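A single chain comes next, written as structure tokens; it is the form predicted alone.
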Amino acid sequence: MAKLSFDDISIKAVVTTAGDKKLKIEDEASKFSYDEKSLKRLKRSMGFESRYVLSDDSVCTSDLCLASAEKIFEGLDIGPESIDALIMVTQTPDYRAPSSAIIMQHRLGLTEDTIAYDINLGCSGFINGLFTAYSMINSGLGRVLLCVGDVASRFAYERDRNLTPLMGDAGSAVLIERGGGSRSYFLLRSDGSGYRHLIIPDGGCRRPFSKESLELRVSQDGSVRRDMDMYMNGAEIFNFTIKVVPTMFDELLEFAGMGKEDMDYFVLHQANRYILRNIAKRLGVSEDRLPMDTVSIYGNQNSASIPGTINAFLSDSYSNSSLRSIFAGFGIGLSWGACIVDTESIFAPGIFHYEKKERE
């Protein structure tokens, strides 16, 4: 049973760096063959407004996370030698091998004693990464740097009218350490029977990249994609989300012996506004406690969407208040998870946009 709790572990900082280039849906409408009526409907229902992506194709997720981590070091006045482990949660690594986390260990100046490895997860990645960090500290480490994010705009082909308008680029860094925390609660689940509903078919060992991977295919809904791009069965993902997420909250709250009224915020993976509204309705939670604007302004930031929401819209609250929050992620795998965490005036500045440095 994947329900666990931890004592005396706390989140000390959350920083997010988003892409530097803003794309408005109106400027991309012709690329997706949206007419005026369709565009208006999608803006209202799905939250299609704008997204932030990287303007430089040479910049990777690790660069975004590195920028976020350096701001934590500066903001909290801590040195890289104080980090015991670095976890990198991403589906857009620098290379197929080696691990991006080990490269970041060197770039950040962390010691050779640092544990460093990648976790290949997306939508639920922040919860799984946070759980891993808490487990490491529970096992004896003092301080863990969790990096999460994706250059998600590179998942989808530029003419995929269902997926591409949602995808934004972001990388977050989260500092977790021993001491100062109340009891936290985690619930994690997975169901690989639905793995085909959100998948990049080609490029792995099961289906290696070939010239056929580059062939354009037009689906019945008018989307254009290749087999090297992300495919999403939107109806199946929606059905999965509405089925498992409300139940997940009920189970987690029962496990923790708490109620929805005990939570200050419900910070969810920002899949799209339609899904978020349906979850909020089923939970009976208002939008001021369950924010849902990240996807409309910054795009779906994949594993960075939960910390991205904190930095973009809840910075003042997390920086200056004692809060109890539910964080929840759900999607690719299929996988889902949630946690209840207390925070106490953490370092959580507003969201940053990437600026390339000369040394990079």
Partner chain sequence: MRERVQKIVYEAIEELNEELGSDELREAKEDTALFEALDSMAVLDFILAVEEKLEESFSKYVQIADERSMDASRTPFATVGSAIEYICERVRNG
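Positions refer to the first chain, counted from 1. What you are looking at is a predicted structure, and each value in this text was computed from that prediction instead of being measured.
Below, we refer to the form predicted together with the partner chain, which is not included among the displayed structures.
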Counting only non-hydrogen atoms, the one stretch of 33 to 41, 305 to 313, 319 to 327, 50 to 58 within 4.5 angstroms of the partner chain in the predicted bound form is 33 to 41
Students should find that, of Arg277, Arg178, Arg289, Arg217, the residue having a non-hydrogen atom no more than 4.5 angstroms from the partner chain in the predicted bound form is Arg277
Answer key, the partner chain contact in the predicted bound form at 4.5 Å (heavy atoms) among Ser213, Ser135, Asn239, Ser82: the residue is Asn239
* At the 4.5 Å heavy atom threshold, is His106 in contact with the partner chain in the predicted bound form? -> no
Margin query: At 4.5 Å between heavy atoms, is Ala235 in contact with the partner chain in the predicted bound form?
Written below: yes
**Q.** the partner chain contact at Arg96 in the predicted bound form, heavy atom, 4.5 Å
**A.** no
Would Lys281 count as touching the partner chain in the predicted bound form under a 4.5 Å heavy atom rule? yes
Within 43 to 81, the residues having any heavy atom within 4.5 Å of the partner chain in the predicted bound form are Arg44, Ser45, Met46
